[in-house]
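Given as structure tokens, the chain that follows is alone and in the form predicted on its own.
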Amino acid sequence: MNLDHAGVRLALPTGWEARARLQPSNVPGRRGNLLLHAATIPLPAERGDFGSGVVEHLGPEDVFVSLFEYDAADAGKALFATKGLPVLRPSDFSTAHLQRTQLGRSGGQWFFQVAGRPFCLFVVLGSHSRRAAGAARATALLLRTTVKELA
């Protein structure tokens, strides 16, 4: 299955579900930025931008991904200096990188830009002790992700 929304395309690996929407824009005439969620468990209709309502339900083999797009003007900021989708390593994940600490879970966060578009990638793994397998699952998703420049 594929998800194609606002210039981001995912060819979903087996066992993944994804949903995307444009964030509300408070400026009339300006489109909202992309918010994309993907997980190895069913995504509830209501969930927080960085996975509240989802990550609490992850099993030890599960993964949650949030791809949060910032305003195009932010692409020039130092926070987004890294170009291209990140390479996820098991050592990048920590129990301290979660919004809310949850026993056994692990998270990682990356800021970068692709096609002039600034993003934050936030990944939660169901098990810190199994982070090598979780990082590999998240990487498999990223390898099947393309981002187009928007006009």
Partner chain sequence: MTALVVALAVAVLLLAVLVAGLLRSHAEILKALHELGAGLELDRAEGPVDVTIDGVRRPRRSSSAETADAVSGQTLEGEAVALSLTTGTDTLLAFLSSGCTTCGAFWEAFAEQQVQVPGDARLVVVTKSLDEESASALAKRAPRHVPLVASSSAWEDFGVPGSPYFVYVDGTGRIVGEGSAATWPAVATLMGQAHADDAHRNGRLSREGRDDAALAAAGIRPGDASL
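Residue numbers count along the first chain shown, from 1. Just so it is clear, the model here is predicted, and its values are computed rather than measured.
Heads up, the form predicted in complex with the partner chain isn't pictured, but that's what we're talking about next.
J.: Does at least one non-hydrogen atom of Thr14 fall within 4.5 angstroms of the partner chain in the model of the complex?
T.: Close contact exists here: in the model of the complex, Thr14 approaches the partner chain to within 4.5 Å, heavy atoms only.
J.: Answer for Leu141 alone: is it within 4.5 Å of the partner chain in the model of the complex, judged on heavy atom distances?
T.: Leu141 lies outside the contact set for the partner chain.
J.: Does Ile41 reach the partner chain in the model of the complex if we count a contact as any heavy atom within 4.5 Å?
T.: Looking in the model of the complex, residue contacts with the partner chain include Ile41, since a heavy atom lies within 4.5 Å.
J.: Is Glu46 part of the interface with the partner chain in the model of the complex - any heavy atom within 4.5 Å?
T.: Glu46 belongs to the contact set for the partner chain.
J.: Partner absent here, but in the model of the complex, which of 49-57, 114-122, 33-41, 87-95 has residues with a heavy atom within 4.5 Å of the partner chain?
T.: After filtering at 4.5 Å, what remains is 33-41.
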